[in-house]
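One chain follows as structure tokens, the form predicted alone.
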Amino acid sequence: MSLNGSTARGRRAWLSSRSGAFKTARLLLSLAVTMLGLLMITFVIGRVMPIDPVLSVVGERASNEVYEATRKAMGLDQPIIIQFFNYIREVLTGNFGKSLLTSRPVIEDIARVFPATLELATVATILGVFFGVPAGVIAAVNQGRWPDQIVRLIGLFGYSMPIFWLGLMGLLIFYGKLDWVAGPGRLDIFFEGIVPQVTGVILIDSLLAGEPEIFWNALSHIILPASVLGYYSLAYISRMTRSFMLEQLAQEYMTTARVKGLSELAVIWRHALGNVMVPLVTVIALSYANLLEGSVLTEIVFAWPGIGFYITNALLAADMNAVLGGTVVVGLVFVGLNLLSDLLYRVFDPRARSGEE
């Protein structure tokens, strides 16, 4: 019996490891296909845009000899499939070419501007989670009553209002009229260049440098654009939290917890919300990814020097190296955060690890 039991356990362990390896291989294959699709899309965009990359380099007054020599040097005289494989090779080595606007490698520009977007999206996500999760819980507990209606109405406005209009109204009211917050940009101009860049995130770097005045100035600049982005995150997170909570509140274990004499607060905030946190982690990660890649209009309205602002300026200047490089990086971040959300779900949910549905 002991030998048979040991054999059965060994077989289960082997099957479990085999299933885990298969899932990992499938995940890696899915990631590779997604990345290939992203690179293919950006490559096609670079070829179908009504902008000649050669003219962007040599100018419209260049001679035919200079034009053809540059075209050959850029590899644009080769078959399209060869160009695509060359493009993949360059991207995999981090070479996106040089920016026409800054005359620096695009990867250096992206490393310089991306922390600003990261800082903005992170603060916005924190605001969205801080207000969105309690709002969703309150709405679920009061389903059909006035708190539920108010939360759903706030979420509806969050989905309906154009983000550029909301940003402009915020600037007009809270900056122009009330003077409660600082204006566009990350810092007042006389504070720029004082704090050494360690992380690229001014709120952190100013604290590391022992500059509280610059910290508060940076916080005053970020609070309005982060609130605008955070409002959209709040609308999404509150709606999903409400949906998850309604499902949990209908479970039998909730009745059992009440029968055992637990307080309503403990039943709701400890038991129900505790079970909701597993799928909610995935929702928050996806919301964060959406803010990182969807903050372009907010960055334009607030002159926030992030990657969205950088890509927009590059597009207006026909700087396709910068446009495509920024697009690839944003896509990679989005794919990476989606992968992270899937891994977090598998880590926190035992059913996902064991293969149960």
Partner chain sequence: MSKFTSAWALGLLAAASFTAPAAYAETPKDTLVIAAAIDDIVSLDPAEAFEFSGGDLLGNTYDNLVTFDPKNLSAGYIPGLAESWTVSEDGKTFTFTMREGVTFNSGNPVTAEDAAFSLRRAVLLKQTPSFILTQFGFTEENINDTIKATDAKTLVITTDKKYATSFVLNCLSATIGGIVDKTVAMENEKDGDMGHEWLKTNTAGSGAYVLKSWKPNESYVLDANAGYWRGAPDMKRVFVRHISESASQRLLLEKGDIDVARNLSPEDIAAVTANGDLRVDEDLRGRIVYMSLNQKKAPLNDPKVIEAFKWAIDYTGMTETIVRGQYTVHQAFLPLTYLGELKDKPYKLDIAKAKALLAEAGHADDLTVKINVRNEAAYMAIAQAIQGSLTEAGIKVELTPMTGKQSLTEYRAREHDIYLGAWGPDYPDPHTNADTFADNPNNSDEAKLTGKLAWRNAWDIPEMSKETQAAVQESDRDVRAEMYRTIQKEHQMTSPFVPMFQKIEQTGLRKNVEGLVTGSAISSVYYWTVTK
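Positions refer to the first chain, counted from 1. Between two forms, the rigid core is the largest collection of C-alphas that superpose within 1.5 Å. Everything numeric here is computed off the predicted structure, so don't read it as measured data.
Another form, the form predicted together with its partner chain, is not on view; read the next lines as being about it.
Every residue of the trio 58, 130 and 184 has some heavy atom no more than 4.5 Å from its partner chain in the predicted bound form. With its partner chain left out of view, the stretch that reaches within 4.5 Å of it through heavy atoms in the predicted bound form is, among 265-273, 250-258, 237-245, 82-90, 265-273. Although the partner is absent here, residue 77 lies well away from its partner chain in the predicted bound form, with no heavy atom inside 4.5 Å. Proximity of residue 219 to its partner chain in the predicted bound form: non-hydrogen atoms within 4.5 Å are present. Among heavy atoms of residue 101, some come within 4.5 Å of its partner chain in the predicted bound form. Residue contact with its partner chain in the predicted bound form: residue 189 places a heavy atom within 4.5 Å of it. Only one of the listed residues (149, 95, 199, 142) places a non-hydrogen atom within 4.5 angstroms of its partner chain in the predicted bound form, and that residue is 142.
Of the residues given (300, 289, 38, 320), 300 alone sits with a heavy atom within 4.5 Å of its partner chain in the predicted bound form. Once both forms are fitted on their core, the CA shift for residue 301 between the shown form and the other one remains under 2 Å.
With the core held fixed, residue 74 shows a CA shift of 2 Å or greater between the shown form and the other one.
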